[in-house]
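The chain that follows stands alone, in the form predicted alone, written as structure tokens.
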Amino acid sequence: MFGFGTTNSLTMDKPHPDSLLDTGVQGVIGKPLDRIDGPLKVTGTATYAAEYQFDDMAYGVLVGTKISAGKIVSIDVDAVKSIPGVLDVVTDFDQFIRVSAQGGATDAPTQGVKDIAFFGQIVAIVLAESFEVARDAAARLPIVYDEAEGQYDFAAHRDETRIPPDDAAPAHFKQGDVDTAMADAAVTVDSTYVTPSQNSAAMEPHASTAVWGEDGSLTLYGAYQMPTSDAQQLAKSLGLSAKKVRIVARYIGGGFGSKLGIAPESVAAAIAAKQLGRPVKAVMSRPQVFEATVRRSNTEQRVRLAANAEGKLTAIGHETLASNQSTEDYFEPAGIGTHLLYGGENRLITHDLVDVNLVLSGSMRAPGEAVGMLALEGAMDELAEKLDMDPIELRKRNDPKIDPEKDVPYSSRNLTRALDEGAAKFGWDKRQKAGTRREGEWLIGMGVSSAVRGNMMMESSAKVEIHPDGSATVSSAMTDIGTGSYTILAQIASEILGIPVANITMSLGDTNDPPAAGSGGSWGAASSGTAVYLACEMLRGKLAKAMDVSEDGLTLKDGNAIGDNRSTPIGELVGKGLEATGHIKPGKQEKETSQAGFGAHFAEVAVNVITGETRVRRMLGSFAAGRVLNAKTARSQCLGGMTFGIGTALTEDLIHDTRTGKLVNHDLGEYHVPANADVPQMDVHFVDERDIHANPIHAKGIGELGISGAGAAVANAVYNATGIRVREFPITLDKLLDQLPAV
């Protein structure tokens, strides 16, 4: 670590056993503090992307195609321009983006919309003095198509695959010989699991308000998770210098991956505002969010497990088919958690793509693990049944000491503790054999699943300023998508600087502030939190110097600097003000250790023998993810992930018409996310842990650990209740009815 000027930079090349957060002097780290942005949100005074107002602002409504493959022959803009209140119809076949950008990319996504790749592809924006007029004109806009034959049926084309380039996980990985190990094993499982496409279904729709400056600069007020990279994507899409593009995303009403990269409304609004010479607001309708942003790909996953008679794995095979458009290479990395969760010397983990004319496949909360663990953990449950072994014991016997592929130690790994502590709290010892517990017309069962989510450090920075009145400001292009970033970053600054959280002002989600990786991949709190930590560490040194005491002899608490038997208000030590910028980037520790959060999910379900209805009666998640920075926000993230797991297991299914490619259930009325009545009382338990290899704050991501494996615990509970193994998700009553016992 080294400091230069007002920047404290750290490359994570070595472990950091000592942390300034360990002192606990201010006493705010780990505490369940309320969200500091909460009052703004519940009073309606937090400004979201669609709520910005500007003088002379025009309203834009996007127009999507009504076919799924072919070309646009013509768009009759004159047919609607005569409608009173309509200002213009903007089409740009070359510059409009065809699909959303993938998260973290810095290039423009695929551009050019004359060729149609999927139903609902955005091809025009209608501008008017009011939203209502723009909506009416957009519905009337005549478009002539030259329709072509498309590929809409995944099953019909499942044998026509391609190998995509490596991404977050290798597309293909092989170690040893799985086929031979399967032939030689005492016990094997060879099962295929199928998961449907899913939609993030964030409460806030995608929205952009574009405002051009007289100097040719663009400010976009958008609902985006990663403003720093999103601004680069937008700049390249428009042919601008990145310095000319500013994105502001102060508040975001959920994203779950769907807002990692820019979506079509951003470029359309920017081009329209430039052409019209006025600010333009474009908000996607709910059907457009479903049809024209991103989906989680459907998957077909073959899982093979080979074990000896004692349950020790000798081989793991996890082969996935996923889908995407022919011009796109992103694949759902369903096997990403399989690489490091269990031992076994013979391993085969592959991902292949089937080309389809459907909406873009992209990242959705816990890309890979969320659906990959449905298959892996279901297969582990099958193996436990064949071995007549407790499913927890099987997992513990295959809990490796070192990464089975990289041959490096884990930075921290407490899977067994999470299983044991969770089992004790859940009452796992009361679980019975499959299909044997009944309460009237209800069959009762318990299920368990391991949880794993890789931990990532991403380059990020943050600036912290201390003002003469003793208050502080923290600023960064980091975002808060409902995860608690505003509060957590303020807690870190408060703990190190001894300034009460109430006296810290947060400025997030603006690319005019120091660049950050944003919210995605569960890296936000650890990466941006470390940047804040480093800035505060430098400021602490400056305060010690100003007070003429050593850093070790300085205590900062409740707005005062204490040292050498003196106490001085911090504001009196900063002159006209002090500032420092913290900068963190990944280093050797990422390669020298295998980093992930681990945990376990437990579920109890009741299945009605008459109707086939499944009710989740209770769930518990037990998680080990390093230091918990805020017990309330961390718990909320886990509860949200577990709720996602219920939807994955039982309700969520994004359905495309295999004849036309049209999305059948493109709204929240027909795409069934769990409602309040579907979600039982849930408990969250945190295993006490610190990870000194991850970062100086010893924390790991937790937002996606909560979903990883959650659906599998529910599915395994359904099996334990009924003796019926459903391998095609979601588990709807029609998949149970004909196999349920007689009333």
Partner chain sequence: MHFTINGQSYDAEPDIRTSVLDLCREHLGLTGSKKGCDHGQCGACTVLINGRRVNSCLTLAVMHQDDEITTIEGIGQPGNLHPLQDAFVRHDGYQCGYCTPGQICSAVGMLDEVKKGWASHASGDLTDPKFDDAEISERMSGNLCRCAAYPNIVDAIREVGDTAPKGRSADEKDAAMDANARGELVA
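Positions refer to the first chain, counted from 1. What you are looking at is a predicted structure, and each value in this text was computed from that prediction instead of being measured.
Keep in mind the form predicted together with the partner chain is missing from the figure; the text below concerns it.
Determine which one of 22-30, 708-716, 53-61, 694-702 lies within 4.5 Å of the partner chain in the predicted bound form, judging by heavy atom distances; exactly one does. Selected stretch: 53-61.
So which of 514, 498, 317, 482 gets a non-hydrogen atom within 4.5 Å of the partner chain in the predicted bound form? Selected option: 482.
Considering non-hydrogen atoms and a 4.5 Å limit, which listed residue (461, 208, 614, 637) is close to the partner chain in the predicted bound form? Spelling it out, the residue with a heavy atom inside the cut-off is 637.
In the predicted bound form, residue 668 touching the partner chain (heavy atom, 4.5 Å): Output for residue 668 is yes: heavy atoms within 4.5 Å of the partner chain.
If we define contact as a non-hydrogen atom of the residue within 4.5 angstroms of the partner, is residue 657 a contact of the partner chain in the predicted bound form? Because no heavy atom of residue 657 falls inside 4.5 Å of the partner chain in the predicted bound form, the answer is no.
The partner chain contact at residue 233 in the predicted bound form, heavy atom, 4.5 Å: Looking in the predicted bound form, residue contacts with the partner chain do not include residue 233, since no heavy atom lies within 4.5 Å.
Is there a heavy atom of residue 542 lying 4.5 Å or less from a heavy atom of the partner chain in the predicted bound form? Although the partner chain is absent here, residue 542 would stay clear of it in the predicted bound form, with no heavy atoms inside 4.5 Å.
Within 4.5 Å of the partner chain in the predicted bound form: all of 163, 339 and 686, by heavy atom? The answer is no; none of 163, 339 and 686 reaches the partner chain.
Those residues of 245-269 which, in the predicted bound form, come within 4.5 Å of the partner chain by heavy atom: Stretch hits, in order: 252, 253, 254, 256.
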